[in-house]
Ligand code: DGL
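One chain comes next, on its own, written out as structure tokens in the form predicted on its own.
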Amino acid sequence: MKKISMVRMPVINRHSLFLRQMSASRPIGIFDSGYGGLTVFKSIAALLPHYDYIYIGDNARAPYGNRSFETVYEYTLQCVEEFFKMGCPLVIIACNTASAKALRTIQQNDLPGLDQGRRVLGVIRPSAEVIGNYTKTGSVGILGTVGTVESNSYKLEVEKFFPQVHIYQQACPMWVPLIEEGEYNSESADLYVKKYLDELMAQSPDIDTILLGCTHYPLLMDKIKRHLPSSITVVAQGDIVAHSLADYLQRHPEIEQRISREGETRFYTTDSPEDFDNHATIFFGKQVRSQHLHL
């Protein structure tokens, strides 16, 4: 009887298979420590729907707001490297804390060694470039995480474009935990919204414009406006960053032409995909289906 030899089929890792499938695709990478960057991605996808995108939420290690500069830099760099493995020619760090604590070091020290043809951008500079146009009194409030406020990134960046504008900052350490726990509509959220707004406004009665310097904070927009005079303008970052990206791609055709255009979006989380999908849908405004990413 003829012996039949068995051929062992190779085991295919789903993530490796996806990377091979994406090798012909060159998406824009969108990064955040968790869910907040989805509020920015929502605006980007609405304005520029024809590009391919990959979103990574580092939920397993979130929040970044109270972590050290060294830790935030390390985590952010790991995710940027992952985007590059996935073929992204351009990465948007849609996280104010990571933009404040890690972006410049990555741009100046790491990017030349990784790939000088790729770009990594943040959300602080685009906001700083326009926020002075909203104020009439020349007094602007910034609401952000402890890390963003302590970095003084907004003060330094706004001064470059609007040296006459006075910046007043207020850290809101309880806002992100409340939002990520789904408590942003609770009475506890009202208490903390009022607390931090009162502390900000106590710094100057001339503040007439407030920038939400954390991409989570748009979920508190209704409560924030409720506790402020109607004369104060509250600005979220989503549309600002989206239009800044559109302008950047128009000015840099060498990057724009490298981005693939199938209108495909992939979502990744370093934590539970099920938990991510349940929360992310609220931030993104539509159903999200993610995969786990091990770092």
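Start at 1 with the first residue shown and count on from there. Quick caveat: nothing in here was measured; it's all calculated off a predicted structure.
Only in words, not in the display: the form predicted together with this ligand, which the text now covers.
Contact check for residue 216: a heavy atom falls within 4.5 Å of this ligand in the predicted complex. Taking non-hydrogen atoms only, residue 153 never approaches this ligand to within 4.5 angstroms in the predicted complex.
In the predicted complex, residue 176 approaches this ligand with a heavy atom inside 4.5 Å. Mapping the unseen interface onto this chain, residue 76 falls outside it, with no heavy atom inside 4.5 Å of this ligand in the predicted complex. The stretch among 46 to 54, 246 to 254, 261 to 269, 28 to 36 whose residues place heavy atoms within 4.5 Å of this ligand in the predicted complex is 28 to 36. Within 4.5 angstroms of this ligand in the predicted complex, the stretch 46 to 70 places a non-hydrogen atom from each of 63, 64, 65, taken in sequence order.
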